[in-house]
Structures are given as structure tokens and as C-alpha cells.
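In what follows, one protein chain appears twice in different forms, each by itself as C-alpha cells: structure 1 and structure 2.
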Structure 1
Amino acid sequence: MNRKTLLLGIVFLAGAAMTGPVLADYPEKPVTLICWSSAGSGHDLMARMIAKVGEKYLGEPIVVVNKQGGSGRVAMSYVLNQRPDGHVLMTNTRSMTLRFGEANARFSIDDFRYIGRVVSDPFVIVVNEDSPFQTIDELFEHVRANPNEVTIGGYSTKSVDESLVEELEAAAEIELNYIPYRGGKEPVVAVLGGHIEVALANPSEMITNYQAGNLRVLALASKERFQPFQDVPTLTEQGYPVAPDYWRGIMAAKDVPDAVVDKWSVVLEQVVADPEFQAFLDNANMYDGYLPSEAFAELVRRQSGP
């Protein structure tokens, strides 16, 4: 064996020694999954089901911890301040990653690794069952006659929810009074309490009250109709081509080893395919949106802008 071959062999073995333990030993203890949304929200429910089902594929318990605040900034800051060994991960959403493209964003897209997209979660436009508006056209006609008076609630500012309202205003040539809330379920509660007139919600955040007859769905903000709202037309069908792509997934700090990302990408694929998780999606009216790490990272970059 010549000297060059020997040196190459030593380098290879050294590299294997550094990466091998991650594959063999990870995880060495329970994994914490940080959820940046409020307890009981659709995002929180997804995180807890990932934890429940994922434990049998990961081999260690997964503990969900809620850290709200700053539209995800509190959770991101916490994750980036932990040891990047894969034992602290976090959930993410399109509303969160949209902020990476802002001029004065505190965090950048390169601060994180994108492990996998888990679900797709379209929007519905809802009113209280006692509302005088029976259709989206009736609502828009009233708004045109009363600009900036009709209140519509959604999650936060500079979010997918607010962008949806802006697209609606442009498509229908109307002016709505957008009211931001800290959690995705809060606009639904506000509509039920008569505090606002219209709410944007993901199906998982309003389905119980819809099934109880407390809410009316005026339109689906999606490309196609979906269960259990097959009789409700989409905005596009009604002449307003607005169909935002909303999703939820998992990400980690940028310095997490490749082996951890690869393992979790496989675990998430197994979780989403698991019959228990599929039943959860059906019951919560979420939709299978699994993407592996590389494809998910490309999606985040494309949607977050330059």
C-alpha cells in the first residue's frame, strides 16, 4: 500500500468515526419538539400526533413543548440556542417561513434545516350560523357598499392569512377590516362570540363547531373542493382566483448533522403513512402533504422569496 492510499484510508475512517455514532446512537435521549403555536390549535394537534406516532419509529419519546410569541421568533430563538445534536427540533408553517423574506427579518432561511413537510392545510372562510350572509357574493356585495367596515379575522400580520385577505380584496375589488389574532383558533372563537363578522380558518380549527351547526362556510380557499365541504364552492369557482398553499412541517437548527436530518425525514415519511396518523388527518380534516427534506427545502426557498 502506497503512502497516498494509506492517507486516504485514514481520512475515510476518521470521517466514518465522526458520522458513525450519529447514525448508531441517535437519538440518545427523548427528543423535544417545539411547537410555536398555542395549545389546542391545528398546528399543536399535528405536533402532538407526530410525537405520539413518531416514538415507535424513532425509538425514543418525543415531547411537545409550546413556545408562543413573536410569530415563531420565540421558538426559533430557543431552538437556535440549544445544542444542535438533533434532540431539539421544531414545527414550522408557511406563515413562519414567509417572514424570512422580510427586509429586517431577525432570522434567515439559512439558519435552519428543513426536515420535511407533513401536512397541507387549506383555508375556509366562515361566518357565524346567525350571520345574514349566505354566500360569498352576498358578503362581498355588502363590503363594497360598506368599505373597511366588515371585520375579518386571521392569524397574525404579514402571514398567509393576511396575504389571503389582500388577495381577496384585489380579486373582488373590496376593502375589508383585517383583525390579526395570536392563534389560528382565536378568529373562530371571535366569530362565535360576535366580536368579528368573518374568520379565516384551517378546517382542523373550526370543524367541531361546523359539525355542531355553529358556523357556516361561505367558500373554500383551495384549488379544489375537499371533504367534508364538498357542497361549498371554492373562491376560484365563484370568480375569485385565490388559493394559497398552506402547510405545516418540521425543521431544525442549521448545524444539525446530515444523518439526523436523513433519519427524521424517513421517520416523518413513516409517520405520515401510519394508519393512526392517516386516521388523525381524516378526523382533523388535514391533508397528507409529505415532502422529504430536499424537496421541502426547495419549496421553502421558492415561497420565501429572494
Structure 2
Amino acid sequence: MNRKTLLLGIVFLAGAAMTGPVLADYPEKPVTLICWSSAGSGHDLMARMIAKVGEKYLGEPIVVVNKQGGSGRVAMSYVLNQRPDGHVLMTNTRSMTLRFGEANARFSIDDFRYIGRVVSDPFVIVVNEDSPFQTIDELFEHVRANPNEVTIGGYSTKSVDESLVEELEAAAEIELNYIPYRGGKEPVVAVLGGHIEVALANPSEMITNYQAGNLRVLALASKERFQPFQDVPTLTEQGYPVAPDYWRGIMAAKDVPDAVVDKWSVVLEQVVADPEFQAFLDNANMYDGYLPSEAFAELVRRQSGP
């Protein structure tokens, strides 16, 4: 290495050091929103809609980049390896934070700052229109007589779906045969084709087949009834207090300055309230679940606790 390149190197390093932690007027450049799901998924669409609507409130473009893999762990390690100046944020979901509680978890809940929850999808319990079960009680009665026989499909293993089934089994003192699937729609397809008996789904995954009269909703796994299932009782009403939800939100690395979190809290609230974003939620059958930063952090803490 000659002197010239050495000198150049020093100048570069000094330059890099100076642009470091000094926070000018955030945001000073486009913000990257890392999405841990594949391009085109419901989760990705939400991220891209936040990016599109958020641009006018943030004042800088927001670029969505997909980093798939390891149920969000690839995205998490990427975000934690970036300079925490608030120009790299990521989307998160209930299933991701659920794993913080696992014994050999790579990341902990304190590695991140929680900016806000955006969407909160409730679950419904569905059967084929041809199914003999008209109510959730009829189903449970049959399950009690035939433990471990009735198949119930849901998304993935160690997921919100599986924990819903476990909670339900405990609350109703029944034993079901849980079948994990790779995608949220697959259990609904299996019920439509008569391959399994019951499916768990978010409304967006079953609404069209419900409207066409191919599916029957036995119960809503929520505290209160919601549209368009006003006539269907909730599990809570039936005496089984099981009401999980599948939420999606935004988080950042833990060392991000307070100013960034404050700015984004305002932006995110404006985004969710924007008519364009509300129209998107309507079209996609997702449910507005906006929670500000502190309430969101508190929720994550509660849900991933022991």
C-alpha cells in the first residue's frame, strides 16, 4: 500500500466517523423498511402500503426491502447490524415475538424498540358447509366422545394458531389433532376439500369462500363480535375465554434515538388514519389495530413473557 492510498483511507475513515451518531434533522435520507415476509404476501402489502402512504407524512421516501428467512430472524439480525440512526426499521408480527420466549432464542425482547402496532387480525373457527357440526358445542361434544380424532388445521408450528388450539384444549378440556400447514390459506383449502374437519383462519384467508356459502363459522376467537360475522358467537361468550389475535407492527433496533421513535409514532398514527390506508385494510380484510409505541411495547412484553 503506498502513501497515497493510506492517506485516502484515513480521510474516508474520518469521514465515516463524522457522519456517525450525529443526528441532524431526522430523516435525512430515505428510510428502509425491512419486511421479513416474501414480496406479495399480505404482510408485504401492508409494509408497501405504509411506505406509500407514509412518504407524505415523513417527508422522505420509504423503501421496502424483503429479507426472508428463519421466521424473521434473518431480518432481525440484519436490522441489529445496521447503524441505529433510525433509517432502517422493520415490520414485526405476533409469531415473531412469540419466539422471544423460547429457551434458545437468538434475540430478546429488549433488542428492539416498538414503534407501533398497525393491524390486528382476529381468528375464526370454520368448518365445511357440509359438516354435521352447526355450533361449537356440537363440535366439542363430538371431540369429547372421540379424543384426538378431530383434525384442526392451522398455520405452522409453535405459532399463534397452535397456541390457540392449546388454549382451547385447556379451556374446554378436549383433545384435538392439530395439523400444521405452511400457509394461512392451506388449512381453509383442506377444509373445503374435506381433507380435515376444522380450520383456524384470519378473516382475509376465508372471507370469499364464506360469502359464497362454502364455509360455516362456528365461533369467533375474540372478546367481542366483529363484522361481517355479527351472528356468530365468540368463544368467550360460550365460556371459553380464548381470544388471541395475529398482529403486525413496526419496530426498530434498541439504540435508535428517542427522537426517531417520537417522529415515527406520529407518522404511523397519521398513516393508519389516512383514508387510503383504511381503504386498503377494508379491501384486504385486515383489521385496524393501531397501538402507540408504549402500549405496543407493553403488549409484546406481556405476550412473550413466561
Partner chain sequence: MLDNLALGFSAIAHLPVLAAIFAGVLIGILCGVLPGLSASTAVALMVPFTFGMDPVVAVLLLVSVYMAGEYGGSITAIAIGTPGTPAAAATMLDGYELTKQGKPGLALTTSVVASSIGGMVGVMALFAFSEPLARVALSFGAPEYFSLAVFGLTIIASLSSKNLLKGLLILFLGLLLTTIGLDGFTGEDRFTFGIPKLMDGISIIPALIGLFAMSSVFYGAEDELHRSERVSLSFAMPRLRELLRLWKVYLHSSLLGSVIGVLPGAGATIASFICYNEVRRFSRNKDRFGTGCLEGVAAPEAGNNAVVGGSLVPLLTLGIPGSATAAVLLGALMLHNVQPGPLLFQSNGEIVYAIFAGLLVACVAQLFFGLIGVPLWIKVISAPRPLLLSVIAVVSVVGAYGYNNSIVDVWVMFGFGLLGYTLKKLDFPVTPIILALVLGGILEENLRRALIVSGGDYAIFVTQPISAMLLLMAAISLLSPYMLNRLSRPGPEKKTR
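Please note that residue numbering is based on structure 1, beginning with 1 at the start of its sequence. Since the model is a prediction, treat every value here as computed from it, not as a measurement.
K.L.:
Quick check on the two chains I just loaded: which one is the form predicted alone, 1 or 2?
P.N.:
Structure 1.
K.L.:
State the hinge position among V53, P244, G70, D137 for the rotation of one rigid part relative to another between the two structures.
P.N.:
Checking each of V53, P244, G70, D137, the hinge one is P244.
K.L.:
Angle of the smaller rigid part's turn relative to the larger between the two structures, in °?
P.N.:
Domain rotation angle comes out at 21 degrees.
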